[in-house]
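Take a look at this one chain, the form predicted on its own, written out in C-alpha cells.
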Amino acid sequence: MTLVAEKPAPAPVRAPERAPYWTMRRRDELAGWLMVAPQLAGIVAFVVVPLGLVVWYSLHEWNVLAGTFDFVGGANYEQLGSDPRLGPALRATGLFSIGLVVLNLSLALFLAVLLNQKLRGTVVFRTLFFSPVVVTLVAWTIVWGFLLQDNGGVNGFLDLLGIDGPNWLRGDTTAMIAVIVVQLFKGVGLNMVLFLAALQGVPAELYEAARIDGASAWARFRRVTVPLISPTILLTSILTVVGSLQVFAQIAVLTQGGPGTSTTVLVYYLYQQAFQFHHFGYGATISLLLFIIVLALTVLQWRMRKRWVFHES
C-alpha cells in the first residue's frame, strides 16, 4: 500500500494592516489648529460676525425708538451717494489724517534720532515723551480742553509773550489744528519708541564706513538710516493712518464736530447718524464706507512697500 503525503494546509491570508489614523503629521496639524483656535474664534466672533451684521443692517432702516426694522434694500446706499454732509465729513477726515500722519511720523523720527545719541538725560526725556501714551485718552482730552479755552493755559502762556491767542476750539481752522496737536502729543511717543528700537538695530559699522567715504550727516541718514529702518516706517505709517481714520473721542470731547462741520470727521458723523438721529441703517452704511477706505489705504501701503522698503524688492 502506497502512502501519499498530505499537502500542508495553506497559511491563512492576513488582512493588510490599516495605517493608524493619528499619524505624526495629523497630530502636528491638530496641535497647530488648537494653537490658533482662540485667535480664529476671536476673529470670527469680533470681526467676521459683526461685519456681516453691519452689511445686514445697512440694508434695513432700524428705528430703535419706534421698534421698527424694515428692509429698504439699497436705499441707504443711494442716500450715501447724495448726502450733502458726506463731502465735508470726508474732507475733514482727510485734513485730520494727512496733518496727523505727516506731523506724527516726522516728529517721532526726529525725537528718536535725538534720543538715540549718547547724551545725558535721554532716559528721562524718553519717559516724558512716552508717558502720554499710557494716559487715558478721555482724561488727556479733557485736560487739553481746559488748556485750549479762550482763557485757558495756552492763551495765558501766549499772553506772557505779548501774543493775543485765538479761541482755539471755536475757529474753523484753529479747531482742526487744535485737535491734530492734541492727538499728536498723545500718540507720538509710541512711534518714537518704535523708531528708537529700529535705530538701535542699525550696525554702527555702516555709519563708520559711510563716514570714512566722506558722507555727510544728512547723506548717512538718507542712505543708511532710512533704508534700514524702512520696515518700521511702514509699520508706523499703517498704524498711524488707521488710527487717524478712527478718531472719535477727541472730536466728541473738544469740538463736538464744530464749529459748523469743520471737525466732523467720518467716525463722528457715523455716531451722529446712528446714536443722535437714530438712523442705524444709514450709520451702518457709513461704517462700511469707512471700512472700505481703511482697507484700501492699508492695501495700497502694503503693495507699495516693494518700491521703498529695504529687502522687499
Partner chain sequence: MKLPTLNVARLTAAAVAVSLLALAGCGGGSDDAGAAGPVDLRMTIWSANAKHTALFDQIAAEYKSTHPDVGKITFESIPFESYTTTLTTQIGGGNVPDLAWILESTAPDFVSSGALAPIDRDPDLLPSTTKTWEQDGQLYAYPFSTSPLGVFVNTDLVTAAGRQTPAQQIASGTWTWDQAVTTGAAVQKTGKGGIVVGDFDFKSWDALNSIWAGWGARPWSEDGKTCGFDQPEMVAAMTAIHQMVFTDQAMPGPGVTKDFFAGDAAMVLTQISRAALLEKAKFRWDLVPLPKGPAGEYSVVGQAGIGVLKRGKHVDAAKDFLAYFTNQENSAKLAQFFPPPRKSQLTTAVLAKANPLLKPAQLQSVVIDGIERGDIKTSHVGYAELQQTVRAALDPLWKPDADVPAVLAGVCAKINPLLSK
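Residue numbers count along the first chain shown, from 1. Keep in mind it's a predicted model, so treat the numbers as computed, not measured.
The next section is about a form of this same protein that is not shown, the form predicted in complex with the partner chain.
Contact with the partner chain in the predicted complex, defined as a heavy atom within 4.5 Å, holds for exactly one of Asn116, Gln149, Thr141, Ser230, namely Gln149. Interface membership of Gly281, defined by any non-hydrogen atom within 4.5 Å of the partner chain in the predicted complex, is ruled out. In the predicted complex, the partner chain lies farther than 4.5 Å from every heavy atom of Thr225. Residue contact check for Leu245: none of its heavy atoms lie within 4.5 Å of the partner chain in the predicted complex.
Of the heavy atoms in Arg91, none are within 4.5 Å of the partner chain in the predicted complex. In the predicted complex, the residues of 169 to 188 lying within 4.5 Å of the partner chain by at least one heavy atom are, in order, Arg170, Asp172.
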